[in-house]
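Single chain ahead, written as structure tokens, the form predicted alone.
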Amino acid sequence: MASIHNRIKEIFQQHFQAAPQVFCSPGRINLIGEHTDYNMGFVLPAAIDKAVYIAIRERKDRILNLYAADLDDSFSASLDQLQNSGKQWPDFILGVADQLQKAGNALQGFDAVLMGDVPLGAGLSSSAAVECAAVFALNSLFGLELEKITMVQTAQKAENEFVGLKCGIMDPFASMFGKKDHVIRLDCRSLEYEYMPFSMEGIAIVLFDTGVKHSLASSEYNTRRDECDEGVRIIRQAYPQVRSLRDADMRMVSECLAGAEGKIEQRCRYVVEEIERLQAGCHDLLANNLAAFGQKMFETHQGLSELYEVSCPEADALVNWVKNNQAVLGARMMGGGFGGCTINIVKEEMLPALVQQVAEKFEKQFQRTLTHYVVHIGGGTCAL
């Protein structure tokens, strides 16, 4: 962390001949509860010790000068004419500025440098980390005095309305509210949350990267949302109290969606089962029963692969290879799907052997070198 902090200050100084303020916002993992957030269910994410950093200072005019150090790419815009950049990475910051202005906050122009160590396209939510870093920095820079939850909602709206991805609230929430050695049980409807202990003693969290870059803005993610919404619409005809899949149970799914067209029934069945699975998994964590919790992760993967159909051959292979390995308590694909990482809860002393074993199988089957990341559960968005 210290090295990126110093490096980004140096780069800012070279670029803008001035000293900046620096803020950082972490990526996130989600232990269980995938695709439940936009269905108003529960999720169980945590912030990690890999983050996005933003170095920033205000200007006296309305111009935004942005520089992505990792990409060596610059972009400039005016606060009076914010529109999509055509490059994607600036849009996460432009979208935040756009939402803040729409909400009536007075902004000035600013110079900013962006860099970090959250792997892109790995399903660790680098986009939400950028948005949270940006909104936290602008809140501080211009004395907006926004509550943390308002900043989270601003980040989500930037992604929904400016970037054009209908993501749920989980990613920015986990980034902003992360707490060391705890996961967050978040109710995505009421936004009530509680921290649940997650002891890392003797345990490592390792992410195996499929190497398949998912671009979530791809139509499939939005299609899944539409399928869930359609399922709710059908169930409501018989059960008007159902406002989202959060309110449905398996009996309703079987009764109302059996004849539904396409794959609506299996999409909704996965989500309803996953919401139930997460509640049971929280009891496992409170009882410090990681083995039982890990089994539920394997069940989640099966549902994501077979019912929700958002996995890929690489992710399925990575989970299947560790399923009966005594080093691994639980594993599943993580994130929106179609690539990214699998998350594995591993007995720490068995980690090196496991990584070597899985990497050899991966190279043999897919003719590619397997990248892995060992992550720790860390704190949320902050000023440095």
Ligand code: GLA
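Residue numbers here begin at 1 and follow the sequence given. Predicted model, so just to flag it, every value in this text is computed and none were measured.
Unshown form predicted together with the ligand; subsequent notes refer to it.
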**Prompt:** Taking heavy atoms and a 4.5 Å cut-off, does residue 170 contact the ligand in the model of the complex?
**Reply:** yes
**Message:** Within 4.5 Å, heavy atoms only: does residue 335 come near the ligand in the model of the complex?
**Reply:** yes
**Request:** Indicate whether the ligand has at least one heavy atom within 4.5 Å of a heavy atom of residue 221 in the model of the complex.
**Result:** yes
**Request:** Tell me, yes or no, whether residue 38 is in contact with the ligand in the model of the complex, where a contact means a heavy atom of each within 4.5 Å.
**Result:** yes
**Complete:** TL;DR on 60-68, 312-320, 30-38, 340-348: the one with heavy atoms within 4.5 Å of the ligand in the model of the complex is 30-38
